[in-house]
Every structure is written in C-alpha cells, then in structure tokens.
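Given as structure tokens, the chain that follows is alone and in the form predicted alone.
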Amino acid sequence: MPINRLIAYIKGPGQQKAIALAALAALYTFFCIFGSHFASRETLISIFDSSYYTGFMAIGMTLVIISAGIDLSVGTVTVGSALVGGVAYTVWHLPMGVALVVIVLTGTLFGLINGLLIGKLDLPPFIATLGSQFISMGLCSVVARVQTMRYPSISHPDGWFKTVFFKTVSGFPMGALWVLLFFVITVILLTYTKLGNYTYAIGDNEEAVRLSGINIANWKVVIYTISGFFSGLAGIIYAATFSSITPQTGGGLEMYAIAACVIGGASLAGGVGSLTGTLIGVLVISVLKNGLMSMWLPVQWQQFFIGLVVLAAVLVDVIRSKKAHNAK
C-alpha cells in the first residue's frame, strides 16, 4: 500500500476502527475491575455466545450500509426464519438438516424480495425494508399458526446442530468458528471481486456508477439477497441459542447489527466500512451487554449505554467526514 494511501486510511476509516478497538479494550478492562466475576472464562464464553447471531446479521448489514442502504428487516427475518425452520421440523416432520436449510432459504428469500423492491422497483431502502420487517413478522407467524416453535435439546439426537453451530466443544466456541469462516469468505468477496468494487462504488457515488454503464439494480438485488442469506444463518444460531422461538418477535435486533457497523466505522452515508470494524463493533456491544449485567444493571440500561456508544460513533464519523470534505 503506497504511503499516501496508508495515511489516508489511518486518517479515515482506520481511525474509527482504532477508536472502536480502544473502546473495546477499555470497556473490557473497566468491567473486569468493577463487574462481578467478569474476568472469568465463563464470562468470556458468554461474550462470544451472545455475539454470534448479531455477528451474522452485522456482516450482511455491512454490505448494505456500504452501498448507502439500510435493512430494517434483518431482526424479524432472523427470528422468522428460525420460526419457519421450527415448523419444518416440528409440524412438517422434516429432518433437522433439511429444517436448517429451510431457515437459510427463508432468510435468503426475504433478502431477495428486499433487493427486488429496492433495485428493480426503486423503492427507498428504509421504506422497503420497514415493510419487509412487518411482512416477515406477520407471515412467518401465520406459517407457524402463531404457535411457539421448539427445537430439541442438545441431549436429543436431533440436537446435534447445537453442538455443531453454537456450543463450546473442547474449550473452543463453535459459533465463533462459523462467524470467522463466513467473515473470511465475505472479506475475500469485498476485496477481490466485482461485488466488493461495485458495493463501495455504489455507496460512494451511485450516479457515476450508473453513467459508467453498470446495472446498479442487479447489484442491489445481489447485496440485499446476501444480507438475507446472513439473516438466515443468524436464524440457525438464534435457534441453537434459545430453542423456543416466539412468533412476532425479533423487532429491534436489527438495531444491534446497525450499531455494530457504525461503531466499527461504517458510514451511514455509504461508501465507507469494513468487516473487521464491524466484528469489533459486535464485540463492543456484547462486552457492554455482559458487563452491565455483571454490575446488576437492568436491560434498559444496556439499551441506554449502547445508544450512547452509537451516537458517539456517528459523531466521530460526522467529524471525520467534515474534515475530509474541507480538505478537498
């Protein structure tokens, strides 16, 4: 990397990523000192366990935000996909492996619908995905007949998926393995393929990309479909984590995914963001949630402090953007 590009990166996205990493270290140290039994192996495992499904949603959300879009449906699609998978296993009596495929396909289908609404019908991402949020919440509940779906326990023969996708095996958290695997795959896609080049270009200057002859609509369909696919993967982890899936829930989970992206340096204006920063943001949120619980603070305080962190991250991004604009 040429020295001028390196300096530009450090002053730009790299700066906020470094701030997020410093915040992660500071939060972990703070809770180790003031939290109750926070500095333990069990708490570290809990931090990882509570970050898996958020991590998958955030990976897909990163692509969407880089393209100057937003996906408000990922939370309800994640839970709805897990609900439909529960129907496939419990009501339709499909094998567990097939039910897991149904979860991913359900998430991918909703992502495809979002992509068609935004890319082909030119609906604003906020409106299209807000509509999909309610549609996925309602439609998946209809499929489940508004009944709670339950997945088998880990001791059950069909509970193998919890060991494969979620539980800690021989001291290694399996969920982290899957998140890292798809993280690496997505980094490769963003770095070395047209998908990555066009995603950043569309977010940076959509009109210039359009004038260059690139079919933006098709690429938006691809981007939102990928986001839906990751919501489906999050649905598998969600099912492995909670076992009982309640209809008409999931609203609000998308905010954790958006927060992770923003904390990690992604700009809601588009064209800026990185998956590494997003994963740091996911860990910041997870440490904050577990740390506040170790201090016996209720859930509402988790939301309050996460909101403050997101506002601080957005403020840093705004200041950085203004400085970059004034320097031109």
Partner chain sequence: MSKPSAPTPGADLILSMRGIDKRFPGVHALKNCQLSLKRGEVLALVGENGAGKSTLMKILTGIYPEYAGEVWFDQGQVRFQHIREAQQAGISIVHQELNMLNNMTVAKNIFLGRESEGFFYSERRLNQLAQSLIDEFHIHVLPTDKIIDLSVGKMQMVEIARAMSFPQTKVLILDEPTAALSETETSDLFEKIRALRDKGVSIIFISHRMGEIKRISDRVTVMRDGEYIDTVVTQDTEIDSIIKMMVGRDIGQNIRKSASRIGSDAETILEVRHLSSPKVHDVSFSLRRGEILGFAGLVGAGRTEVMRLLFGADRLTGGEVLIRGKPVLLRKPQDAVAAGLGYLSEDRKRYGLVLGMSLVGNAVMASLNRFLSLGLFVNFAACLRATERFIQNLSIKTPGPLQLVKNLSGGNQQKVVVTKWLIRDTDILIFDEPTRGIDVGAKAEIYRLIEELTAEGKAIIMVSSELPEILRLSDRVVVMCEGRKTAEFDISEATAELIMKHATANTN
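Please read these numbers as outputs of a predicted model, since none were measured by experiment. Positions refer to the first chain, counted from 1.
There is another form of this protein, the form predicted together with its partner chain, and it is not shown here; the text below is about that form.
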**Q.** in the predicted bound form, residue 172 touching its partner chain (heavy atom, 4.5 Å)
**A.** no
**Q.** in the predicted bound form, residue 195 touching its partner chain (heavy atom, 4.5 Å)
**A.** yes
Q.
Test of understanding: in the predicted bound form, would residue 210 fall inside 4.5 Å of its partner chain by heavy atoms?
A. yes
Q.
in the predicted bound form, does residue 183 come within 4.5 Å of its partner chain, counting heavy atoms only?
A. no
**Q.** Proximity to its partner chain in the predicted bound form (heavy atom, within 4.5 Å), stretch among 214 to 222, 119 to 127, 140 to 148, 86 to 94
**A.** 214 to 222
(Q) Considering non-hydrogen atoms and a 4.5 Å limit, which listed residue (275, 288, 282, 272) is close to its partner chain in the predicted bound form? (A) 272
Q. Here the chain is shown alone; which of 177, 154, 189, 135 has a heavy atom within 4.5 Å of its partner chain in the predicted bound form?
A. 189
